[in-house]
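Form predicted on its own, single chain, as structure tokens, below.
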Amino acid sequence: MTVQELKKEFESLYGAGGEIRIFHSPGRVNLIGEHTDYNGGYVFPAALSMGSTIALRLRNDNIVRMKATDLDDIVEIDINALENYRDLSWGDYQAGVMNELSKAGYDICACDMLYDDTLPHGGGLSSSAAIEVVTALTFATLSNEKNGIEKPVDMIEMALIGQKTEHNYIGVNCGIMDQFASAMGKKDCAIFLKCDTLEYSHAKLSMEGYTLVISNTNKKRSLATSKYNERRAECEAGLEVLKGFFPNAQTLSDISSEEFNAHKSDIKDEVVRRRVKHVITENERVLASVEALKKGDMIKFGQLMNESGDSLRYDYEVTGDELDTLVSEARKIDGVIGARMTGAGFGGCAVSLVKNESVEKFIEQVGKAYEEKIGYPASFYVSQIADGGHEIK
């Protein structure tokens, strides 16, 4: 909904009067570099125009009231008891962010809040990171104003607050990519990010003649209940073996393909070996992709997307029938030069690089084939590349 529609719904819910402010943070699509972030590697995400938007108004007590436009109930949070809301079915991410901000020295201001989310929940486009970042930005802004601090909110710190929320409050040992992309996105640019150092640069996406089409399996998945943490443990097991040969390696991303190939037989567990292979080769695909885009070589970029998708399917095993169907059907369409799953996998979304004139045919034919095989429809999004978290004045 528009800002004016959101404000109108806010007033119908909480009453008229007072200053209503609007904050927004986007979801993200990762173009390439999957499951490398928690291994200290390279990723290449872009922020989307879809995201999480908050309308809010300050209160004079110790209560934060929250509601989502697509949910019926209002959730109440006592800002003096932020540890007590881990079991909420909705609102636990927000409570966790407030808790982490409080531990970091921010004052949590009481307010009424209405969230409007345009991202599919559990779809692999980082709806949770968008909620975390917009919540962190909102309360950090209010805290700074309360305390007379005029400097802008540190958006990298807000990304880290979101990650700490996942680790400490939600129980997901996630990497930094999703929150960083939501916080630091830039219109018409992707973010080339090294996840262990947070070194980054914005790379202009000049995709003339092509469109990024996001295909949603509509299979809901939760990272906390998926095999995400299992994959992370497998990577750590592989790193422990390789550190016997490369003691200075802090993460798998410190090890090259040549070094891995020289010692891969020392990783006796064949499954762990394949997990490590994916991470190390995926890092190299990110580097090659950035170079390809600098040269305007979209065909090469599409090939690297395909290689990434195959590695995620066969070496990292995080796809499944739904994602495999979307990707395989996408690659059959004339005008598609690259297709792969995006996000953590186990459901969620795929991303395809499609010639502009083929987008309509892509959505029609992939959608039809998917529903025939899987039994329910997919959803498709053609989103713009947008800015990261900000207040809408």
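Fair warning: this is a prediction, and the values are worked out from it, not measured in the lab. Don't overthink the numbering: it's just position in the shown sequence, from 1.
The discussion below concerns the form predicted together with a small molecule, not included here.
Which listed residue (93, 106, 228, 260) meets the criterion of a heavy atom within 4.5 Å of the small molecule in the predicted bound form?
Answer to the contact question: 228.
Consider the chain as shown here, without its partner, and state which of 64, 56, 344, 48 has a heavy atom within 4.5 Å of the small molecule in the predicted bound form.
None of the other options qualify; the answer is 344.
Determine whether any heavy atom of residue 362 comes within 4.5 Å of a heavy atom of the small molecule in the predicted bound form, and answer yes or no.
Residue-level check for residue 362: no, no contact with the small molecule.
Can any non-hydrogen atom of residue 44 be found within 4.5 angstroms of the small molecule in the predicted bound form?
Although the small molecule is absent here, residue 44 would stay clear of it in the predicted bound form, with no heavy atoms inside 4.5 Å.
Would you check, heavy atoms only and a 4.5 Å threshold, whether residue 181 touches the small molecule in the predicted bound form?
Residue 181: no contact with the small molecule in the predicted bound form.
According to a 4.5 angstroms non-hydrogen atom cut-off, is residue 37 in contact with the small molecule in the predicted bound form?
Looking in the predicted bound form, residue contacts with the small molecule include residue 37, since a heavy atom lies within 4.5 Å.
Exactly one stretch in 263-271, 134-142, 83-91, 173-181 has heavy atoms within 4.5 Å of the small molecule in the predicted bound form; which is it?
Result for this chain: 173-181.
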